[in-house]
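Quick heads-up: it's one chain on its own, the form predicted alone, in structure tokens.
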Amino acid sequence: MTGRIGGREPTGEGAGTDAVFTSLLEDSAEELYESAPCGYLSTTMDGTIAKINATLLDWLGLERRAVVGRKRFADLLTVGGRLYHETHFAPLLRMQGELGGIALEMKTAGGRLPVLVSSAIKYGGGGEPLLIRTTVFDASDRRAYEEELLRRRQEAERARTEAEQARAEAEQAQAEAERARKQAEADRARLADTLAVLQQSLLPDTLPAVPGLEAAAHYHTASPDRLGGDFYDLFPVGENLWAFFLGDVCGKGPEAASLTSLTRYTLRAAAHHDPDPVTALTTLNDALHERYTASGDPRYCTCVFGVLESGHDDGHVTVRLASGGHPPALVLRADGHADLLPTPGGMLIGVFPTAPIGTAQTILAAGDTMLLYTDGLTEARTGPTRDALYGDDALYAFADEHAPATPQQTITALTELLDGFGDGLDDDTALLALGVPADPSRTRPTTDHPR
């Protein structure tokens, strides 16, 4: 029957197929073992390698003579794989007699090879363990696939939690502000003659009613999920004497909120102790420098602090200002023009042990309005490509065009201006307007909450 399949002489295509089939039958068991698409090795019960196929040797870049009888199976593994083998794999194998599909890593000439390992113990006729047979499968593609799945899952998780992170930042900032308030209250117990009752929020809920004066404020938040560092306040410090301040701390987020809280509380305490504007800013500079800059963590702010004195017979209000590196105030006069109140020479607050303070003074008559603002307004990006800043000159022209205007009219016009900047406004902006009404019966303050 030689050369016949099913009693027929093979011819044509069938003859070729039969020849391939015949050649497969001629493969020796040793050749199949050595050239298998997976790794094979046999070890003694102590792990010493007694036999290993060419496939696994090629994967690991090893010579047979350097492995057989000289290395244990654990020696082929990475440090982590060896530790797992000794603490989990080997003990479980001895107890169960076989293990399958265990993920390990083997050392190669070029690095690491992820593998899936299956082992079984061969027993003698009396049930005694003789050797361990192990099959090794290359798991590189599987590892890459798993890593890609993990990466995409992590990306999806990050996208899902972005909104939660924004809320968490806000909650953390509130906690920082609360801790700062409690610390300030502890300081007030030691310095009861200088500190006043401190408010709990970074911005006042409302502005107080000041006899003979109208006040309005607005806070524009550039990013809804990021805390800014702009601040302002207005509060009484004596009979017919009111203090106010407006400024901008460095940075964003919870740290800026903590710094804003400390700044606001320090200025309030300093003003109640001595309402002189220069003294108040000097006290703030000492506090910030001692707490942050002197300890190697410099933080600072720009700030304008002032005192309003009312009660004059003709109804005018005297204003005394001090500034540490802050933009100049603007006054919209009742006669239809705007004035600048520059405070030259003022330096950033908190950077140096002694900070130069710039000063200015003016009188607000009936119909006059003074405007304080942070640099988010003048540094708004304008133009078709958003590559130009709005600038001081444009703001001065805007004020001159809108004079005369009440504090509320001024804030309303500036709010519309800020909204018109769109995405060109990438920094928070605080606005505070104080003025003597042309109609003495109108002294109601207004506050526009942050948005």
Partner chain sequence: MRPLDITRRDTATGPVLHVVGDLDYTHAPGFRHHVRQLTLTAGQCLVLDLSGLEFCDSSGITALLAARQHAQAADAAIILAAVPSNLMRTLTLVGLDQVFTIAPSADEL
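Positions refer to the first chain, counted from 1. Owing to the predicted nature of the structure, the values given are computational and were not obtained by experimental measurement.
Another form, the form predicted together with its partner chain, is not on view; read the next lines as being about it.
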- Candidate site 306, 332 and 335: all three near its partner chain in the model of the complex by heavy atom within 4.5 Å: no
- Task: Answer yes if any heavy atom of residue 395 is within 4.5 Å of a heavy atom of its partner chain in the model of the complex; otherwise answer no.
- Result: no
- Task: Could you confirm whether residue 249 comes within 4.5 Å of its partner chain in the model of the complex, counting heavy atoms only?
- Result: yes
- With the cut-off set at 4.5 Å between non-hydrogen atoms, does residue 71 touch its partner chain in the model of the complex? no
- Does residue 276 reach its partner chain in the model of the complex if we count a contact as any heavy atom within 4.5 Å? no
- Query: Which one, 300, 242, 265, 89, lies within 4.5 Å of its partner chain in the model of the complex by heavy atoms?
  - Reply: 300
- Task: State the residue from 351, 116, 203, 93 whose non-hydrogen atoms include one within 4.5 Å of its partner chain in the model of the complex.
- Result: 351
- Just one of 75-83, 159-167, 361-369, 318-326 has heavy atoms within 4.5 Å of its partner chain in the model of the complex; which? 318-326
